[in-house]
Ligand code: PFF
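For reference, the chain that follows is the form predicted on its own, supplied as structure tokens.
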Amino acid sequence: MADQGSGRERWGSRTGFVMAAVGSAIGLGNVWRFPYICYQNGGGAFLIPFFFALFTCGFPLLMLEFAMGKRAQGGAPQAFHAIRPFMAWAGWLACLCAFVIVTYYCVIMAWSWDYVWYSIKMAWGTDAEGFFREHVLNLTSGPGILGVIQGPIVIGLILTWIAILAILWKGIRSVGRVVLVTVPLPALCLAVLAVRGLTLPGAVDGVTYYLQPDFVKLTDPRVWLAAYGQVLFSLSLGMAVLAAYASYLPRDADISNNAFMTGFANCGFSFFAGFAVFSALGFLAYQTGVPVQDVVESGPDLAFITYPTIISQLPFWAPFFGVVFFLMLLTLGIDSAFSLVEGFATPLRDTFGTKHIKVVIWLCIIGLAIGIIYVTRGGFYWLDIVDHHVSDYGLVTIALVECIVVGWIFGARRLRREMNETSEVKIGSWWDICIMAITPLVLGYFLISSLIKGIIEPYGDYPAWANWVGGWGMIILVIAISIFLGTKYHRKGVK
């Protein structure tokens, strides 16, 4: 790739950029969220709304964020500023939401570090749930009681932030080299787990539950909303990452083909992960003598309770497959984690002219300090509250604003023409329709319905004050900081 004489650092190769974008998109949710969502919403039939959402929301927004970053040659705030100066705040909102996410995402990775060690000894014994909740997390009775810091998790948290710092130390070129290892490695681990899972008794029953189509589900609007939600969150949209990565592309770089490769790689990994997960769940159901649907879990419970239980039941090499599983989680998580930090570091460096490594060091220190809250005995409750509100409201809002700003203020057709000038695959007017109508309508409905539900039914079983402090309070805080930074940036202008 040519440097174009701009003096801006560039990706060493197109492969490095695509692999980094794929690594950012493929994360923990591909393993513990997509298979469950697919099973819950019609099995094989869910692939119909999923691919419809991918082509009407996923690919259009991928192209939009790539194009905005490349066009501005800067991160999300610069990208919004280049379209309309007063909209820089939306870019800062994306950066701050992403940084909030990485502060607790690294804690989940810290659990994985600990479980690599626990797998060698099979430390959870016959009670994986009790071990996770009472030994690893050592939970208090609620978010109002933080309790002491959990030492082993702190060690894992420090290791995670050191890894992020080491990867980002030399800038985007080092990222391009690292992802050539960290992206294929979890796919290899997943393949090992899938092969082992499919050879276990009961595996066929599990896979059948995963893929058995229920076309009646397609008449339920909630299934289609679930598909859009999965696509939005899975591809790291609205997190400032993709614009930052694209800002290191030369101005003649391809957009549409890179977006298609990123989206298909992410979705292919998610689909394949279902075979590894549900074959293992089928084995667990066979071993315990209960129906498959009674052992299906998602999220942390799947990774740190259900899967360790499955590993304990394996007839041989149980510690080996335990280590493989949690190493897979670590390699999946690290690409997403350092991309979220880079998504914030890029615009900070571009705005204030500070050396990249200084920005990264400070972000790692601040992220580690904030993460200490989540490694207390009551930290899990706060992690859950913050994650729900930032993901369900913050990211959807950012994606909606992107559609409005590009589709109706800047002009979807205008940006599409710019993309087509340098892209191998020319996109048609369907992209305009998606950005101007389909995607914003779906996201708007998603956001409004979530807000109404959140106001009527407070999230979880947490006290109202906890939802206000960790949920709505966090949202209000990041919006206020974003507007402040956007105002200062607008007055200062682009460097």
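None of the values given here were measured: they were computed from a predicted structure. Numbers follow the displayed sequence, beginning with 1.
In what follows, reference is made to the form predicted in complex with this ligand, a form of this protein that is not presented.
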In the model of the complex, the one of G29, P440, G43, P49 near this ligand [non-hydrogen atom within 4.5 angstroms]: G29
Listed residue (Q78, T346, S279, S336) with a non-hydrogen atom within 4.5 angstroms of this ligand in the model of the complex: S336
Contact check for S112, F131 and I311 against this ligand in the model of the complex, heavy atom at 4.5 Å: no
Stretch from 231-239, 280-288, 353-361, 183-191 whose residues place a heavy atom within 4.5 Å of this ligand in the model of the complex: 231-239
Contact test in the model of the complex: W161 vs this ligand, heavy atoms, 4.5 Å: no
Partner contact for A20 in the model of the complex: this ligand, 4.5 angstroms, heavy atom: no
Close approach of F272 to this ligand in the model of the complex, 4.5 Å, heavy atom: no
Partner proximity in the model of the complex: Y105 to this ligand, non-hydrogen atom cutoff 4.5 Å: yes
Residues of 352-390 having any heavy atom within 4.5 Å of this ligand in the model of the complex, listed in sequence order: none
